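This document opens with one chain alone, in structure tokens, the form predicted alone.
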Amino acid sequence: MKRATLAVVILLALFALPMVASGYILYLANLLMVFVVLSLGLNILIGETGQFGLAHAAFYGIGIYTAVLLNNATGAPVLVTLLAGASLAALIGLVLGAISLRMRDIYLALSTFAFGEAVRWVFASWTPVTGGPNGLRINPSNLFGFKLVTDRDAYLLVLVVTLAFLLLTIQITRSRLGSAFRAVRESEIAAAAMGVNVRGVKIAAFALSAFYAGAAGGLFTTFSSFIHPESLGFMTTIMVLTMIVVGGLGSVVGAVGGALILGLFSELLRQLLSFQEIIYGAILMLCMMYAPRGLMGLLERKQAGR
């Protein structure tokens, strides 16, 4: 009952935020919600299924550029551009998952890392389409004829879509598909012996994770006016990976908490771009050494000790 009451209070506060918050606070809230969707998607792939894919930033970028190009060219409604970016990312993720089926552990990580770098190179080099190293201007999104010009305009849409992905993730983790994800994570041989289609489960995890990343990219275009390929590099994947590790791999609450904590932390490090890789690397190392199950693991251990 206490958790339900707390959830209602948080929801009411989130929906009331545009009435009291400044433009920067709303921008930060929008950005944090994008991180939440990104973290939920990567947690499905790594935390739930145990597939160490490192191409999340590439799918995020695919969602962004697809939504931007479609919006700039046709002025299509934001829900159409968002769905188009997420669907294209999911399709490419499905193909990547099928190609990577025979790879595991470090080999899977390296192959998906190479894919992510190749996609970033396309973003940076395909100047006539993506703007190349000059970046690309994003026109205001269109929601039922209403232009989303400010962070305040986009906030409620970003909030509703983020909540929808959160509820979807909870349903997936409680479903047979979620059980199959965890079975593959624990032991592919045992999962196959129990009748789990290991190949199909892996492909589904890649496609779902990419869909979330593409949708996060679509959400980003609703409150941002510019995209540059440098912001879609490997550092973005490392940041999202740090979020789910710090929060707790395999935990929905951990993915959300890690996204909020590290998302705020990334804003504090905005003036220290040269040191971000070192800082995130140190956080990952310390977390794996002293809190391998993340913050959720520490909380569970504390509760068990009472």
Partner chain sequence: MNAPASLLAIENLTVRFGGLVAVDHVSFEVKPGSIHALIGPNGAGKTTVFNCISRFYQPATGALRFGEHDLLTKPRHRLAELGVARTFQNLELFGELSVFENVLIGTHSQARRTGWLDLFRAGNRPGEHRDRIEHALEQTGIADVRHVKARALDFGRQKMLELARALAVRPTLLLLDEPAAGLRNREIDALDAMLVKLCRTDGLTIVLVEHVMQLVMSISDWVTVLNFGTKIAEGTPAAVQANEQVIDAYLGREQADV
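Numbering follows the first chain given and starts at 1. All figures in this text were calculated on a predicted structure; none of them were measured in a lab.
Absent from the display: the form predicted in complex with the partner chain. The rest refers to it.
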One stretch from 212-220, 76-84, 153-161, 192-200 that, in the model of the complex, holds residues within 4.5 Å of the partner chain by heavy atom: 192-200
Contact residue in the model of the complex, chosen from K147, R137, H228, R174 - any heavy atom within 4.5 Å of the partner chain: R174
The partner chain contact at A205 in the model of the complex, heavy atom, 4.5 Å: no
Close approach of A90 to the partner chain in the model of the complex, 4.5 Å, heavy atom: no
L94, heavy atom within 4.5 angstroms of the partner chain in the model of the complex: no
Partner contact for S187 in the model of the complex: the partner chain, 4.5 angstroms, heavy atom: yes
